[in-house]
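Shown here is one chain on its own, the form predicted on its own, set out as structure tokens.
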Amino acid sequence: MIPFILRKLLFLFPTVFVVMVTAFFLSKLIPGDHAESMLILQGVQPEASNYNREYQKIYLKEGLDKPLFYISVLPHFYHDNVHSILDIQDRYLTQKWQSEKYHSKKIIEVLNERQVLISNIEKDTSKKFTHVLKNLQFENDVKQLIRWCDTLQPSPTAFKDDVKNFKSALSSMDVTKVTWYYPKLVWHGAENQFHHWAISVFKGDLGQSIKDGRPVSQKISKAIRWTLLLAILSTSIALMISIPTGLYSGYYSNTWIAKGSNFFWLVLYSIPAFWLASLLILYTTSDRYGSWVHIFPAPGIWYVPDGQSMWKTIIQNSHQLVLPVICMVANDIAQISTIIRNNTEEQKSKTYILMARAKGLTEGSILIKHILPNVLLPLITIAGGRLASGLAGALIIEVIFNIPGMGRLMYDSILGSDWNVVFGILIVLSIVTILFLTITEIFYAWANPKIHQKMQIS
């Protein structure tokens, strides 16, 4: 049994690694710049005189100047690490011109000459050449920049040599434009963004919220308690109801009660959770259709004082948990009860049941002592799977009923473009789901020794 557990735990690492790599690269596909978002949070606007200096300070502090991953596969003319370019516009121009097949070495020469020209223009106290500076900052097309330099040449400006050098670098870059290329493999080692980010995640540091500056781990730790509560509560209630109903309808399958319950569970299973939630809110949380249907309180604001224990908060708001649990339990009961019914029908036709009847055992004793243990064995896998899927199912319910769980937090974070929180939730939910499924497999192997014995033989 111990080798089986160790083998299962060992498989956790590659699975978690794949999840983290996927989440990391998805986070890099979102629009915007993390350093810019942090500056906005601090109140530094792009037009501020210290914007570039503060931007580069945060850019270096967050490690955004490092390459993304351990290795990179790039066209041979690309920059080995374009993220090492600190100036935001220089980095944008490098990425843009590389995509247009200009060589990175020539691009760097152009950017250096451009920076010399910008620096000299900014030193000019007469402010006569602000139009030149404007063109340099906003014109990104290479051929238009060359033509723009030609329009400045006849003018006897103080920056004639600088303009000439800039045009020469542009022309050289344009002439040596790449027509074909081959891939190159660049090894970056451990000094990359993913490596440092993964270490921070394992330490519990998921970054800061762009919305309010609070640690992401702190926001998630408060929200995940509600999501786990809903998932565990709904799964427990579903098992308590579906096990006896499934056993009865499977063992006494010809009775009208069994047939009626099967029809009821089928109808209940076909109702989407969000639609059932809408119906319950509409008809049972107000007296619009009569005071007799006003049974439950309407979804409202959850007040959670600072420092108050989780259980006290649950007790205070227990009346608002009834409808969310009903919505989550409905589908689970229908599915689990159907599986138990089918397994019970299969077991009652086995030979050992005929032998038990021949021994004179009562039907109740046969059902409880012989059929139930065999039916509950596959239920371990079902319960673990429903508990894991309940985490995802709770997300929609939390939004509808305004429960301060992971679903509500993710919904608010997506609306506020707080992507650190969104991807933090993705990682946490993925890891928790993987752990639940692994624990389920271990329990199933413990209950059914044939599983790990078969793996040892193979």
Partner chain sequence: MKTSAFLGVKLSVLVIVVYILVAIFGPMMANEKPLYCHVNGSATFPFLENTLAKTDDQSCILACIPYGPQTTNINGHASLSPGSYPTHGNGKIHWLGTDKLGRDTAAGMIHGTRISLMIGVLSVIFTFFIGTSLGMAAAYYSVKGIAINILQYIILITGITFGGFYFIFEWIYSGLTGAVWIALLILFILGMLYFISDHILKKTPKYRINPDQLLMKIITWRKSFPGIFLLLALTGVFVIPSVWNIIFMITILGWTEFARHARAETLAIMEENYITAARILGFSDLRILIRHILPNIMPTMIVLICFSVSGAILAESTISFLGIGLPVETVTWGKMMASGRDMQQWWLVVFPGLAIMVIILSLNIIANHYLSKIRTNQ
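Residue numbers count along the first chain shown, from 1. These figures come from a predicted structure and were not determined experimentally.
From this point on, the text means the form predicted in complex with its partner chain, which you will not see here.
Student: At 4.5 angstroms, heavy atoms only, are L26, Y289 and T433 all close to its partner chain in the predicted bound form?
Tutor: All three within 4.5 Å in the predicted bound form.
Student: If we take heavy atoms and a 4.5 Å cut-off, which stretch out of 266 to 274, 365 to 373, 316 to 324, 143 to 151 is in contact with its partner chain in the predicted bound form?
Tutor: Within 4.5 Å of the partner lies stretch 266 to 274.
Student: Given that its partner chain is left out here, which of K259, K123, K203, K359 has a heavy atom within 4.5 Å of it in the predicted bound form?
Tutor: In short, K259.
Student: Its partner chain isn't shown here, but in the predicted bound form which of N81, S236, S278, T176 has a heavy atom within 4.5 Å of it?
Tutor: Residue within 4.5 Å of the partner: S278.
Student: Contact with its partner chain in the predicted bound form for Q193, defined as at least one heavy atom pair within 4.5 Å: yes or no?
Tutor: Taking the distances in the predicted bound form, the answer for Q193 is no, it never comes within 4.5 Å of its partner chain.
Student: Just checking whether K101 would be counted as a contact of its partner chain in the predicted bound form - the rule being heavy atoms within 4.5 angstroms.
Tutor: Yes - in the predicted bound form, heavy atoms of K101 and its partner chain come within 4.5 Å of each other.
Student: Classify A48 as contacting or not contacting its partner chain in the predicted bound form by the rule of any non-hydrogen atom within 4.5 angstroms, answering yes or no.
Tutor: Contact check for A48: no, nothing within 4.5 Å of its partner chain in the predicted bound form.
Student: Tell me, yes or no, whether I439 is in contact with its partner chain in the predicted bound form, where a contact means a heavy atom of each within 4.5 Å.
Tutor: Result no; I439 lies far from its partner chain in the predicted bound form.
Student: In the predicted bound form, which residues of 412 to 430 put a heavy atom within 4.5 Å of its partner chain?
Tutor: I414, L415, W419, V422, F423, I425, L426, L429, S430, in sequence order.
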